[in-house]
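The chain below stands alone and is given in structure tokens; this is the form predicted alone.
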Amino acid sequence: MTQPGAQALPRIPAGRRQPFHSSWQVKLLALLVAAYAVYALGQLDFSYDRFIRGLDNGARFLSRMFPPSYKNWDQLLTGFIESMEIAVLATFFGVLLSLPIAILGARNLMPAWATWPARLIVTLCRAFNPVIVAIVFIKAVGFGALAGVLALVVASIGFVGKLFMEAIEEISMKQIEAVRATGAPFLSVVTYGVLPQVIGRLVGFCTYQLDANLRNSTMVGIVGAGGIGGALFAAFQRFEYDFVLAILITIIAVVLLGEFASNYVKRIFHV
């Protein structure tokens, strides 16, 4: 019921109501994307018969993985411990390097001549997948856990550096101006004006990055950068698919453990 003095809104006929309004540019773009998808399917040699054969091969492959075998439990334990060490070290040094880079890249704290180089470093660290970076470090320092740690340090700088930089740019400047008014040096401004406002989000970023590094340590291990991924690749090479399943179960357990640990840390810091 329309209240007295209120102007009634025009009624739109039911047949003319459009829940989503789209222009001809949107429709043209959708048509081009659909046409390119059909073209890409033809170029990549996809076929229904190949898909059906793949399902059959996948079923036979999975049947060879059961039941899981822990006969090489010593290799599994060694790879698990090494993956944990790689993830923790990469997260620690990655966060340690990300903090000054993020502070230098914050445009509300630093001049342009300082922010652009810092942002360029973060962009370069985010440009490549950790596996590609791991291959580069393997060529530089050789096979082993050191290459994995260095690769994940680069990945950590790219992720934590960017998010922490954005968190600093969203803080209130009143607290910073109050610290500056006391004549405090720049380090004190950061310690008492910046960090108290972003410490909660920083803890959240760090716990997420540790969780991501636990997963990525498996990937970089496949190319020879240490960790449980090396044992996984070796098991595939030996056609020990039951041991492959045992490794996959262990990886899932490690990721779940990291998730529970990160949630516990977030509750402690009220993130």
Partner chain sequence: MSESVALAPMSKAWQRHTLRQKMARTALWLVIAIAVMLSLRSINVIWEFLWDAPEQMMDMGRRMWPPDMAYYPKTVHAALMETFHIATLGTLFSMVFALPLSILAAHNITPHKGLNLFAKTMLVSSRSVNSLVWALLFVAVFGPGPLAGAVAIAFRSIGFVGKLLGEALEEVHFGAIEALKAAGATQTSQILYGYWPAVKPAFWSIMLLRWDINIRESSVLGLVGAGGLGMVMNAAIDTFQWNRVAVILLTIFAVVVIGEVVVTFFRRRLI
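Since we're looking at a predicted model, the values are computed, not measured. Numbering follows the first chain given and starts at 1. Between two forms, the rigid core is the largest collection of C-alphas that superpose within 1.5 Å.
Although not depicted, the form predicted in complex with the partner chain is the subject of the following passage.
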**Request:** Would you check, heavy atoms only and a 4.5 Å threshold, whether Y70 touches the partner chain in the predicted complex?
**Result:** no
**Request:** Please check if E85 has a heavy atom lying within 4.5 Å of any heavy atom of the partner chain in the predicted complex.
**Result:** yes
**Prompt:** Does I121 reach the partner chain in the predicted complex if we count a contact as any heavy atom within 4.5 Å?
**Reply:** no
**Request:** Please run the contact check for N129 against the partner chain in the predicted complex: heavy atoms, 4.5 angstroms, yes or no?
**Result:** yes
**Message:** For the interface check, one of 71-79, 178-186, 138-146, 98-106 should have non-hydrogen atoms within 4.5 Å of the partner chain in the predicted complex; which one?
**Reply:** 138-146
**Item:** in the predicted complex, the residue from I157, A167, V194, L150 that sits within 4.5 Å of the partner chain by heavy atoms
**Value:** L150
**Request:** Any residue of 57-76 with a heavy atom within 4.5 Å of the partner chain in the predicted complex counts; write them all down in order.
**Result:** N57, G58, F61, M65
**Core-superposed C-alpha of F66 shifting 2 Å or more between this form and the one not shown** = no
